[in-house]
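Next up is one chain by itself, shown in structure tokens, the form predicted on its own.
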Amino acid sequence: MKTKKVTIGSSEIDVALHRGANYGRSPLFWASLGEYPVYDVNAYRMMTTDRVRTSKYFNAVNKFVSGKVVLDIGTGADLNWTLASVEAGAKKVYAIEEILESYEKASAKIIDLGLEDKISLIYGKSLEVNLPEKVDVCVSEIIGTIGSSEGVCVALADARKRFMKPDAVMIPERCATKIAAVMLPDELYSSSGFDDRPFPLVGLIPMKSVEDVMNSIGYPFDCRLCISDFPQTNILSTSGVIEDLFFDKEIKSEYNFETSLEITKPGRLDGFLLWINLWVDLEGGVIDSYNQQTSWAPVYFPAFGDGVSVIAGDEIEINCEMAPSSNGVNPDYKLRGKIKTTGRDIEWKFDSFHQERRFREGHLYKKLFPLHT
């Protein structure tokens, strides 16, 4: 096994390397980026070139903002939806950005475009800033690889209470997170690790995603994992929904959600794949982060160690508890349930924390972050 030594805060860790034969077309592990303040030019490029995402947002903005006062939460360095709102005839746009480098780039862009009278750029977290007036439309892209993982529930509940008129429109309108039982592809099961090459077109590096996420918190921890290009043949079950957020209604910062999955073919059950269905506008169709090529990669929960044998007809019961993590915004997820198989029930549990000091817990994380030799 090849490894790379990486400095995280005051610690040095080993990270396993994996180089697939068909880079850019075969499954890869990534750290889940969006819920941490680690955006760089490559991350913004990935979002900007996501045509599935951008087309839905442009259509919704053009539909709702003409003549309106608009709030853009997490506008980013490129001011995508702020500028789209101005072009669509918004009366005024308040744009909030909490990452200093992105704020500075956005500020320079507003000046270059001569839009200081149309756009008011505000530095800080949306939970901590104020607006001089109520808005008619709130547009945000703080939707995570799991719908709530970037803190959208806390942020938008606060925005609706403090910033929005009673009849204001929220963009997006709904996000459901789906789940299915899966078997890891052979190459990731036998040789788990992160590739250290720039990803084609966007330039993001899977290995660097791990370093950036951990360093944003300041210590090693079992970061949430994504898998790109996960093969359909490795999905073992029907799909269910473990989170369903409607942003035009009261948004709760914690919940319990139950679902069940039926195993549809035999295999080695390694964990769960989670992905989002996002309706930017309920009438505008769905964005499916597994079945469409988007900037939201599906999440992988390695819930079953080195695997559990299952056969068609087995059932998996799932209870998902979501509650804010220690930072009060980004959630932790606790999954509990049973595998109901012939002659017996197997109880299981899996926790996915945003930033807990838990490192190398579980079979897969021990492979991804091996001990020093």
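Just count from 1 along the sequence shown to find any residue number. A quick note: this is a predicted structure, and the numbers were derived from the prediction, not measured.
The same protein has a further form, the form predicted together with a small molecule, not shown here; the description that follows concerns it.
Using a 4.5 angstroms threshold between heavy atoms, Glu98 counts as touching the small molecule in the predicted complex. The small molecule is not shown here, and in the predicted complex it never comes within 4.5 Å of any heavy atom of Cys175. Although the partner is absent from this view, Met47 contacts the small molecule in the predicted complex, with a non-hydrogen atom inside 4.5 angstroms. Of the heavy atoms in Asn277, none are within 4.5 Å of the small molecule in the predicted complex.
In summary, the region of this chain contacting the small molecule in the predicted complex, judged by heavy atoms within 4.5 Å and restricted to 104-112, 282-290, 117-125, 208-216, corresponds to 117-125.
Site annotation in the predicted complex: the residue of Asp195, Asp222, Asp136, Glu141 reaching within 4.5 Å of the small molecule with a heavy atom is Glu141. Distance criterion of 4.5 Å from any heavy atom to the small molecule in the predicted complex singles out Gly76 from the list Gly76, Pro302, Gly240, Gly267.
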